[in-house]
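Quick setup: one chain, the form predicted on its own, written in structure tokens, and binding and motion questions come after.
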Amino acid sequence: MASGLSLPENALREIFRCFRCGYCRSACPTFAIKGSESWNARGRLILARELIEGHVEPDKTILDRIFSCNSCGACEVVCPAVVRVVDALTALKSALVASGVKPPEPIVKIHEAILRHGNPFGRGQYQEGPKEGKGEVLLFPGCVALELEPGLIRAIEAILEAAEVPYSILEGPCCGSPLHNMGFKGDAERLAERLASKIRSSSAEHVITPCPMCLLALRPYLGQRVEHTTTFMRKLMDEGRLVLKRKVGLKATYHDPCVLGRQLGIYEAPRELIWQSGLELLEMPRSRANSACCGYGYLNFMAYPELAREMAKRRILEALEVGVDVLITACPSCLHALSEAAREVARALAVSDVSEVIAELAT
């Protein structure tokens, strides 16, 4: 029975603190598409209460509402009660899984693939030890970049080579961040600890990753030793090790990734790199803490593809309204989401990661 759910006291407090004002309706990306109360933060928290109190059973309809939350955090920015919605719903997912409730089938498949192959795509060939020599920097690309956006990895390598930074690459295993978001807390922690152990055994002084979710997973284990590629590139520029050989005179806008911005607080480094490139930066109405979710975070595009694609397309249309030549982001998942959406609704709009822009101008 769902009434047997066991949640931490702090999560229960957050769930029951929601006073149902409805401000989250203006920010929730899934509600913007579905238009139904059960697809926004308030509705999900109401469902959480009903599950905890045993008034409803966790059937497919309810589970889809709960597990489709991208954990983007947009609702928390506008919540007058400052309810920690992401933590509450993540704890609910964990409690459901721990009680024996089977998550939606796509999430089960992602979980199985990561445990069996070390990545969500069912590939078994990822190198799980540093390769390409030793150096002061260890690059951990993350599975989305490795599988879906390899050009981003080549761009980061080009930047490191241009700055004459010795580096090595660690391809896997998975950091566990998607599994944590999907309710598999124990498995997620084991994967993060395993990855952190491999990184500690390397000789690298610094660890960089283009994936905000990987950074979020590794930061508790490695502290400030691990950082995002944008903050590392900014340091290289400040030290005079990375020099741009030319600049580009186009109009650009920047999409703040949810995890990089709202959860990690990294807003300025990507923008400073864009300004250094010579691009004229025009902000979208929804930017920084109020940025719109692209829909692809935490592998949600594999679990709820139609919902994710619609979110990405809406973000592309927002960029078009600003009147820019290029849309820039700083996350492999966002890059993949926005690139796919642009091919569908705005072929004239270029989509790039900050690292790709800098690499082109530094080499």
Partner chain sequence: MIGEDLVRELEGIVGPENVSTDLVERLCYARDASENRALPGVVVWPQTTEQVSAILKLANEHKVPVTPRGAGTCLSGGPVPIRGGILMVMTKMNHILDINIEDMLALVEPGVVWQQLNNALEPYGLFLPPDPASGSVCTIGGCVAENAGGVRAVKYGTFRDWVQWLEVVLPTGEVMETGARTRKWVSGYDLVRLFVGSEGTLGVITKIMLRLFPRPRHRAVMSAFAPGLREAGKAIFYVMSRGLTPSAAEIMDKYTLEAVSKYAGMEFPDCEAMLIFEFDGFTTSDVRARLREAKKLCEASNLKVKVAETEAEANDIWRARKSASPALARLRPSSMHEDATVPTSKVAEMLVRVREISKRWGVLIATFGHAGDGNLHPVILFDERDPDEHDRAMRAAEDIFKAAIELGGTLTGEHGIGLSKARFFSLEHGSVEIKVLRAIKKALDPNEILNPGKIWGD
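What you see is a predicted model, and the numbers here were worked out from it, not measured in a lab. Positions refer to the first chain, counted from 1.
Beyond the structure shown, there is the form predicted in complex with its partner chain, which is absent from this document and is the topic of what follows.
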property	result
Contact segment among 301-309, 333-341, 51-59, 319-327, judged by heavy atoms lying within 4.5 Å of its partner chain in the predicted complex	51-59
Listed residue that, although its partner chain is not shown, lies within 4.5 Å of it in the predicted complex (heavy atoms), from 217, 160, 83, 170	83
Residue 68: touches its partner chain in the predicted complex, heavy atom cutoff 4.5 angstroms	no
Close approach of residue 315 to its partner chain in the predicted complex, 4.5 Å, heavy atom	no
Any non-hydrogen atom of residue 346 within 4.5 angstroms of its partner chain in the predicted complex	no
In the predicted complex, residue 46 touching its partner chain (heavy atom, 4.5 Å)	yes
Heavy atom distance at most 4.5 Å to its partner chain in the predicted complex, all of 9, 13 and 42	yes
Partner contacts in the predicted complex for 208-231 (non-hydrogen atom within 4.5 angstroms of its partner chain)	none
